[in-house]
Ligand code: 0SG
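So this first bit is one chain, no partners, the form predicted alone, shown in structure tokens.
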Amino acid sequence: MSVLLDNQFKELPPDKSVDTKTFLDTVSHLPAFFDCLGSKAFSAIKSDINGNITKIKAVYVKDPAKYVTLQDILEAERAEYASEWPKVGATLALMWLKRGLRFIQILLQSLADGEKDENNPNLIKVNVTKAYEQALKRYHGWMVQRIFSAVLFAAPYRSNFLKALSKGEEVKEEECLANIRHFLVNYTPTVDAIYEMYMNLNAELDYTV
């Protein structure tokens, strides 16, 4: 079985609302994705995602009936924190979490689309670089960007990464890519919906770390 397909995201309802409990239950399994990249160099992204999930959960468990959807959390925190919002609480944690989720999405979509370095087809550096540049780079200052430049060179061989996604089983590449495409069917709309929510609530911040 695939690491990705073991815990798939649910199809969103017509209003694109994201159920908080379902989202947290599913996303909590995603940090294991970074283990498939085979290098401790990616542990910073994994740790960041884990930390933000923990922060959102801490808010949710205080009042599950109040925070049925992710938007419920943002709207409640906007009312509670006033001028400090959105740079506080679960709102800030989800802001950074969605960027990590977008990184995963772009990386997997790039692989599924067959993008590769023709001179080094068994490397995924081109895919990881695209994901970093589109999802995270603009939010990182010079020092953090230098750290991630080193991380990009630690990207595994394509064959090793796909095998890790398949839990070490010998699976044909096309079958593994089919599993990635299947995972993205609900994952991508969920990430898109969270981004859209932040835009609609004017909750996006554009500072660097």
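Computed from a predicted model, the values in this text were never measured in an experiment. Sequential numbering from 1, following the sequence displayed.
The same protein has a further form, the form predicted in complex with the ligand, not shown here; the description that follows concerns it.
S.K.: Please identify the residue among A112, V126, L92, A76 with any heavy atom within 4.5 Å of the ligand in the model of the complex.
M.R.: It is L92 that has a heavy atom within 4.5 Å of the partner.
S.K.: Please run the contact check for I147 against the ligand in the model of the complex: heavy atoms, 4.5 angstroms, yes or no?
M.R.: Yes, contact at 4.5 Å.
S.K.: Does the 4.5 Å heavy atom contact test between W96 and the ligand in the model of the complex come out positive?
M.R.: Yes, contact at 4.5 Å.
S.K.: Considering non-hydrogen atoms and a 4.5 Å limit, does the ligand approach I104 in the model of the complex?
M.R.: It does: once the ligand is placed as it appears in the model of the complex, I104 has a heavy atom within 4.5 Å of it.
S.K.: Can C176 be called a contact residue for the ligand in the model of the complex at 4.5 Å between heavy atoms?
M.R.: So C176 does not count as contacting the ligand.
S.K.: For the heavy atom contacts within 4.5 Å of the ligand in the model of the complex, list the residues of 24-50 involved, in sequence order.
M.R.: Contacting residues: F33, F34, L37, F42, I45, D48, I49.
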